[in-house]
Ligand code: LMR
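In the block that follows, a single chain appears as structure tokens, in the form predicted on its own.
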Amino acid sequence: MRKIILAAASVAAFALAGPAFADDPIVIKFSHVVAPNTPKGLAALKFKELAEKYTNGKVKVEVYPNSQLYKDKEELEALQLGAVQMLAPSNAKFGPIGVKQFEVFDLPYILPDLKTLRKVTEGPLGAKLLKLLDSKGMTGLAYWDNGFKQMSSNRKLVTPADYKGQKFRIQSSKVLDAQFRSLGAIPQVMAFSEVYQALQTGVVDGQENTWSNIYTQKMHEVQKYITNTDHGYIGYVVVVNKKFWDGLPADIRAECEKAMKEATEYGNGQSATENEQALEEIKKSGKTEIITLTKEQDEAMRKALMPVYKDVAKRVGQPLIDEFLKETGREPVN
């Protein structure tokens, strides 16, 4: 796969290095791994619409959803090599390439609501985290929402003990790995595009995801139970190849930044609506039972997952976690 990515990058580099024609638009290939009708998919299409409009066609954005170009493990390398120009990977994807600080977003129950999330992503802490991506050959442009995660399985998940021995699909994230191991479950890293079949065939027993992802990928059709936990958050960081971005004419880059700002506001506004609608559609389908935890059951889950904070602190440092908790208004975890 690396050879294929390198070949694609060489073609892209040749195209950029070749003779420029006044009528030739600047092409931005925007690759992502989810469906077009998810919050990320809609925001990507909105960026395409606005970027092409604001640059009067001088920029052409090609959006490739549903892992059409690259799967989870491949897309960041493709961006760094210049085979694509823009991605919106989940926060969990940056740990494996050496930017472990983004792991704080994966900590269970660290974000109580979207208002608190905005305080982080639109404030100095969010800006500081984006700046860390420069050294990896990419520029961080924006934070996009997907929403809060729910747990699903073919076994009822009510108490921490219910997770024991269950195989759960996770993204490549040491935080998520530690989360499920704290519950006695067996985490298995798997590309997003492969989850439905893995659930259908029993390769894994369950997974965690937002309502919109569960619905658009039809996971609810192959899972008997979904527990409404809101235990974690899935968000994305829109990144662009730094060399490509810095090489854009200043006026073009400014219009693209304007388009990204508006697409972000649009996409994040859509996120809550999409998740609410997806939940209603899942209920209507009658194909899975939705479980709501009692206050006592919810507290038991929170307590069971607290050891994950100490595990993450060993890699990203307690000061960063404390800074994040301060922004979210939560007490430091001892």
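Keep in mind it's a predicted model, so treat the numbers as computed, not measured. Residue numbers here begin at 1 and follow the sequence given.
In what follows, reference is made to the form predicted in complex with ligand LMR, a form of this protein that is not presented.
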{"query": "Answer option from Tyr109, Tyr225, Phe192, Phe244, heavy atom within 4.5 Å of ligand LMR in the predicted bound form", "finding": "Phe192"}
{"query": "Option touching ligand LMR, based on a heavy atom within 4.5 Å in the predicted bound form, out of Phe102, Tyr163, Phe168, Tyr236", "finding": "Tyr236"}
{"query": "Stretch from 295 to 303, 43 to 51, 270 to 278, 29 to 37 whose residues place a heavy atom within 4.5 Å of ligand LMR in the predicted bound form", "finding": "29 to 37"}
{"query": "Gln85: touches ligand LMR in the predicted bound form, heavy atom cutoff 4.5 angstroms", "finding": "no"}
{"query": "Any non-hydrogen atom of Ser173 within 4.5 angstroms of ligand LMR in the predicted bound form", "finding": "no"}
{"query": "Exercise: Lys93 in contact with ligand LMR in the predicted bound form, heavy atom 4.5 Å", "finding": "yes"}
{"query": "Contact flag, Thr229 vs ligand LMR in the predicted bound form, heavy atom cut 4.5 Å", "finding": "no"}
{"query": "Contacts with ligand LMR in the predicted bound form, stretch 203 to 219 (heavy atom within 4.5 Å)", "finding": "Asn209, Asn213"}
